[in-house]
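The chain below stands alone, shown as structure tokens; this is the form predicted on its own.
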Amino acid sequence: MALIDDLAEATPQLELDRRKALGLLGSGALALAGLGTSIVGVQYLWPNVLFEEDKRYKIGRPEDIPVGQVVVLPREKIYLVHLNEGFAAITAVCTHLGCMTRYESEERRFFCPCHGSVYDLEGNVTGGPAPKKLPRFQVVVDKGVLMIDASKVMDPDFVLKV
């Protein structure tokens, strides 16, 4: 039996069309992979920085807040309480599971509606499943204005004496 040289014979037109299609498909896949790699490379060189908002808040003049008043800052999740000893900035986030507490002015307490934790105006736990008292933030007077710095957690008994 004689061997037939396939390369010497003429290639049918259908075979050429299939080879062209597969060649174009392979070239397209390589071009798409190169484009994706280029995009990722450019993104890698571009700075990717997260800008966080300032955690310092101006409240007002200390003499404008009477003793016993609670200033509620819902967006900042902070209570500013003017105690007999001075000012205390207390977080509004429950220490049990991180729920938002609310100030109940009639009972003069902070209450977590989700799981029933109860705190007094100093942040001490008076009821419910909360394991510890509400943390306090730094309070300072700068140029006659009360400022809360929520990035600095203070001792549990910290009070700004004015």
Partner chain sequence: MNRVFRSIVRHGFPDTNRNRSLAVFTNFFLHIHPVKARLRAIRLTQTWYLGGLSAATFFILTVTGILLMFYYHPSVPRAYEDMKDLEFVVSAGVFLRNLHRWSAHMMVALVLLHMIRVFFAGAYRPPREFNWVIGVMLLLGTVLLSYTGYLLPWDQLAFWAVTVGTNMADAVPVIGGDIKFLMLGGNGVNENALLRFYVLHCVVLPAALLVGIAVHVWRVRKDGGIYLKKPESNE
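Positions refer to the first chain, counted from 1. Just so we're on the same page, rigid core means the largest C-alpha set that superposes within 1.5 Å between forms. For clarity, every value in this text was computed on a predicted model and none was experimentally measured.
Keep in mind that the form predicted in complex with the partner chain is missing from the display, and what follows is about it.
Inset, instruction - Could you tell me which of 61 to 69, 25 to 33, 133 to 141, 90 to 98 sits within 4.5 Å of the partner chain in the predicted complex, going by non-hydrogen atoms? - result: Correct option: 90 to 98.
Inset, instruction - Give a yes or no for H115: in the predicted complex, does one of its heavy atoms lie within 4.5 Å of a heavy atom belonging to the partner chain? - result: H115: contacts the partner chain in the predicted complex.
Legend entry - 4.5 Å heavy atom contact, I39 to the partner chain in the predicted complex: Contact check for I39: no, nothing within 4.5 Å of the partner chain in the predicted complex.
Legend entry - Contact label in the predicted complex: E52 to the partner chain, heavy atom within 4.5 Å: So E52 counts as contacting the partner chain.
Legend entry - Partner contacts in the predicted complex for 44 to 61 (non-hydrogen atom within 4.5 angstroms of the partner chain): L45, W46, P47, L50, E52 sit within 4.5 Å of the partner.
Legend entry - Core-aligned C-alpha movement of G41 between this form and the one not shown reaching 2 Å: Comparing the forms between this form and the one not shown, which are aligned on their rigid core, G41 does shift its C-alpha by 2 Å or more.
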